[in-house]
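One chain comes next, on its own, written as structure tokens: the form predicted on its own.
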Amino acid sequence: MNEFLVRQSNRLPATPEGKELRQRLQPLERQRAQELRDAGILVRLWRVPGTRDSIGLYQAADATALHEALASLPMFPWMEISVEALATHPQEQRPG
């Protein structure tokens, strides 16, 4: 499995329609995120203070599998996403 650092910014409009859409999608987003956690794909999730942005640590077989997981999120069409593939640092490697 490969690890990826994913930065997500929600770009739903701050209009009454956007707020209504956010309220409707938020429970679905949380449910899908829990499913990704249960599958071992979403490992950790942090909120960026003072924003609606988040940073997640994901594990996936490859970039295509990660894309499929991210695209499955209900708010995906309104997200700005950046992905960094992670490599193990030599200090993190365990002798064996």
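All residue numbers are counted from 1 along the displayed sequence. If you're wondering where the values come from, they're calculated on a predicted model, not measured in any experiment.
This protein has a second form, the form predicted together with a further copy of the same chain, left out of what is shown; the following refers to that one.
Novice: Since only the chain is shown here, I'm wondering whether P77 would be in contact with a further copy of the same chain in the predicted bound form (any heavy atom pair within 4.5 Å).
Specialist: Output for P77 is yes: heavy atoms within 4.5 Å of a further copy of the same chain.
Novice: Heavy atom to heavy atom, is T88 within 4.5 Å of a further copy of the same chain in the predicted bound form?
Specialist: Answer yes; at least one heavy atom of T88 falls within 4.5 Å of a further copy of the same chain in the predicted bound form.
Novice: Can you tell me whether I55 touches a further copy of the same chain? I mean in the predicted bound form, with a 4.5 angstroms heavy atom cut-off.
Specialist: Close contact exists here: in the predicted bound form, I55 approaches a further copy of the same chain to within 4.5 Å, heavy atoms only.
Novice: Applying a 4.5 Å heavy atom distance criterion, does A39 contact a further copy of the same chain in the predicted bound form?
Specialist: The answer is no: A39 has no heavy atom within 4.5 Å of a further copy of the same chain.
Novice: Suppose contact means any heavy atom within 4.5 Å; which members of 44 to 74 contact a further copy of the same chain in the predicted bound form?
Specialist: The stretch touches the partner through R44, L45, W46, R47, V48, P49, G50, T51, R52, S54, I55, L57, A61, D62, A63, T64, H67, E68, L70.
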